[in-house]
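Quick setup: one chain, the form predicted on its own, written in structure tokens, and binding and motion questions come after.
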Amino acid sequence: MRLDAAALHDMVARILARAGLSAENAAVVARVVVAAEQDGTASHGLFRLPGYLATLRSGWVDGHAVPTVTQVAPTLLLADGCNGFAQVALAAARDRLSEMARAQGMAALCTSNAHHFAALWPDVEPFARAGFVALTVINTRSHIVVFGGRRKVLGTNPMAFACPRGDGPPLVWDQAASVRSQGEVLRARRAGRAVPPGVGVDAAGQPTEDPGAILDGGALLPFGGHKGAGIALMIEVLAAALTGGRFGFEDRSAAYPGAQTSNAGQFVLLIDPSRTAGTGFSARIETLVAALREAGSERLPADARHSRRLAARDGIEIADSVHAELLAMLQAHQ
């Protein structure tokens, strides 16, 4: 069946609100869930909704959190998520962060004490559409082993980048520091299929293609070996040490049965290209894009996502079984 984005957003927001989010916070979180579903990022769309509900039931996250945002320097904002969701903190800081970047040429947001459980590209794409080059990183609870370590210390630590274009939608990419995101491995386990070689190891540190063995006592591996490990380490510094958030190994969610999110940090950087490259920035980006196309690059970052978004203009396709699950969630939380 197909549901238009507004109808699906209303349904997801109602489910979240009945499960313990304030109406305002539910609207923000539902927006990123629906955006992921609409653009075909299945591992971070409706698939994640049961995880949100389980986390809310556990008491690990505050669904009614009201973040505080403080400007501590001409180009720096600090946000305390107050143990709520990170997207709510970003929404509270968005306008001021944009104003600062326009005035100073760049601005950064450091968020701590917040839970991020969604795709990252919805955080930065709106900034690119407003003309900014945007970068964001978050750290998560420990999921990967790096540098020959014997236990997990760093998280999958995703990152997202968005760049405006004068002719076309923004260039946007979003990826984890691990070979596969945890969400993709979770989906593989649910579907009963193996993951590709090199994604993770089991509890004994042996390579495995069994997603259950990776998730239950095993570990994910960084992409590119030491290169991905270095990026994961950098993100731990930016998103946790710099923001004042928890490191992945400081996670306390185990004390809250059912909790699936990480209380950690997020770092966001905005740059106004008009202050560096002037009016020539858009033309330079199109020159770069043209060179990539001429070299044979058939797909650029976010091309597939934007194609799926266009295809969903007449409604987001949802399996009947998933729609039935949504209705059951609404019923369960009346």
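When you see a residue number, it is the position in the sequence shown, counting from 1. Keep in mind it's a predicted model, so treat the numbers as computed, not measured.
In what follows, reference is made to the form predicted together with another copy of the chain, a form of this protein that is not presented.
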query: Output flag, V12, V34 and L186 jointly within 4.5 Å of another copy of the chain in the model of the complex, heavy atom basis; finding: no
query: Non-hydrogen atom contact P67 with another copy of the chain in the model of the complex at 4.5 angstroms; finding: no
query: Heavy atom of Y256 within 4.5 Å of another copy of the chain in the model of the complex; finding: no
query: Contact label in the model of the complex: G217 to another copy of the chain, heavy atom within 4.5 Å; finding: no
query: Proximity of A130 to another copy of the chain in the model of the complex, heavy atoms at 4.5 Å; finding: no
query: Listed residue (A213, V199, L135, A91) with a non-hydrogen atom within 4.5 angstroms of another copy of the chain in the model of the complex; finding: L135
query: Single option in T208, N113, S98, Q175 placed near another copy of the chain in the model of the complex, where near means a heavy atom within 4.5 Å; finding: Q175
query: Proximity to another copy of the chain in the model of the complex (heavy atom, within 4.5 Å), stretch among 304 to 312, 54 to 62, 278 to 286, 41 to 49; finding: 278 to 286
query: Within 4.5 Å of another copy of the chain in the model of the complex: residues from 264 to 295 (heavy atom criterion); finding: F267, L269, I271, D272, P273, R275, T276, A277, F281, R284, I285, T287, L288, A291, L292, E294, A295
